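Each of two forms of one protein chain follows alone as structure tokens, named structure 1 and structure 2.
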Structure 1
């Protein structure tokens, strides 16, 4: 299915784009170009990390998520709040308040993704016991990082743990529980993730590692913040049980997943550029004694997601405090065995590499292109100004060879050409037609 292959949540609002260079410079997969004064996203390169949403000063980059009203499509609705949601509100000292507020908004059932995270922790602990797995085992929780690995680090695909994300696990458990408890048919139930990021929306529409998502839609934290805030402010009493453990709640923060595993040799890195630097080292086998790697695309972890409301650092601290009061227990071995049989917790589909950086399928052709790139690059000014619409002189050279740009897109090249033309015009203007003599009237 071609259409499904390139679904992206991150999109451009053309009317707001001024064609500046902010996004093209920051994109970790060099997926954006400015052409005809507007940014364009190269679909096969985009990993939906949301970095461009964060840096665009004109809010021209947006994440397409579902409106709150979309829950009305279903007779019964389940909310799956990401733990990041807990850190968005001032003066909330109990997670139950937020969970109850969600119910008041029209959801019939609320299931914490943080509880899903507790199960993921237990599954990953099992995976860590297997000495035959490639080390470091890499977390699958951040969909932007999984996609980054497909595009830039295909050699590390086998390191990604084959346990699905807390969202997918929570969605299945929530649906099962609700349907069993109330004797409802599964197709009457809509499960909605309350998301801090665009990448999660993409992974619902176009999952990696599984055929279909168990989630029906994603509502951004920004969308739900206002209505939820007024519900919370007017709340009389809380009637939703809080199930996640302190560790599960802590997943919203960078390092939270590692902490819950209780191992010594782990590395938690946040911010996509930082993650890239560490993945380079893992790929080059420079970090040999590492057991587990958690890479999160957003600064600070999910709390720094582009669709959040509160400052990520403030939210991080609130989540730390709220997690201390969380009531849930870690998942027991018996419980894990039971759950493992009921749901699809493994990433069953093979995660495929997407080598979009490669110049050509044929190595000789690729080599020829590489040489042309080198010689074009040599002739460019090397300022990486971005005026041409490509992020750097090097990428412009690549774009020219790939046929997406011309040398005259470079303003300095253009000026040179104009100067040369002007010079030729002067020379031409001094030429005297052969039919006439040099000096007239001197015969």
Structure 2
């Protein structure tokens, strides 16, 4: 059973934080504050996109994932390599070499998440046939984007396609295949995703749209890269099935999911700030002629994940070349019907908004606080400099009302106050007997 406590993979190492405010300016959900010289992550706002990990010069933001040794908890171990993993190694001309290397590391079975992507493609094609679906249909593959919609674009939740991620579908298929083939019990099998990002780790511990994950853990590409590189350096490929199609492997790059659908009216956007701009246009109903939207939080797609090793552009090119050699084929209609009966491929829980702006349970009090926020905001300079430790003047106003900050945290307000106090001191000194005016008169 997976734990359902509130969990985030992205965490802060306070001993390394220098309070530089780089992170607060780049966080897409304004989830970070700097107080008393240290950053603080607001759990309710964080979507584990990893932007703070990218921009922190002191490496104070880290992603907590499972160590490779965690596979030893299970008698049998299955590896689910993200297709991004294939682009991390130079001089590898065949995906089978990497799959073999994973088995040499101690995994009993390897199932490509790229094959899971082939099944997701087939399920999404079916969803696109429904004329009653809200358009554009939004991909559910990137958990950071799904959580972004929960926090910032709740009106678009119904646009998210009701199809689970390639990771979850691959996990179910891998477990079923292994248990049937070798006659073992499901509870004896541990399924581990090789992840390029922190958001996948969070989606395993705290899934959105499903009661619990089918995955038992996530090992970062950074964690597994060294041991795996040692295995594949002098390795010849063995008889390990490479099942994913070229389209499934291509999911690692931005636009890969859209290309696999074979439609014309789609938009693929990578980089979370770019995704936000497009979601704003979808929310404003400016893109009503769009059929499908693929939004990926990381630059370039999953190849640009914060837990990867290789340069994202280099990895993207390698993925392109390797996908051309992929041996698998797209999922047939018969295969799709068979698999649909065996696994839970639909999201089995409703995705709900996350009201991070809730000020008070009492609606009247909440309205009063909102008015106070507006009043304080009007009095602030509106420069959004971040020097106060809040990402913008509006968030500082909100923090003040919530009791997390004061107006004097604003350097401009503080300067005004200091000037005012200095003037009052001058005026007071002039009124005190023996003060400046009397002294001047005696002279």
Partner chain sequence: MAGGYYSIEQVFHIKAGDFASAGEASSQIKKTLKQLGIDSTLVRRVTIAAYEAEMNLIIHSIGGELKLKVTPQSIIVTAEDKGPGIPDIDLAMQEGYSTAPEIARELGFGAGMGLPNIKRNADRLNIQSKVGEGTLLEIYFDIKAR
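What we label the rigid core is the largest C-alpha set whose atoms superpose within 1.5 Å from one form to the other. These figures come from a predicted structure and were not determined experimentally. Positions refer to the first chain, counted from 1.
Of the two forms shown, structure 1 is the one predicted together with its partner chain, while structure 2 is not. Relative to the superposed core, residue 375 undergoes a Cα shift of 2 Å or more between the two structures. Once you line up the core between the two structures, the Cα of residue 418 ends up 2 Å or more from where it was.
After superposition on the rigid core, the Cα of residue 42 moves by less than 2 Å between the two structures. Core-based superposition between the two structures puts the Cα shift at residue 385 at 2.6 Å.
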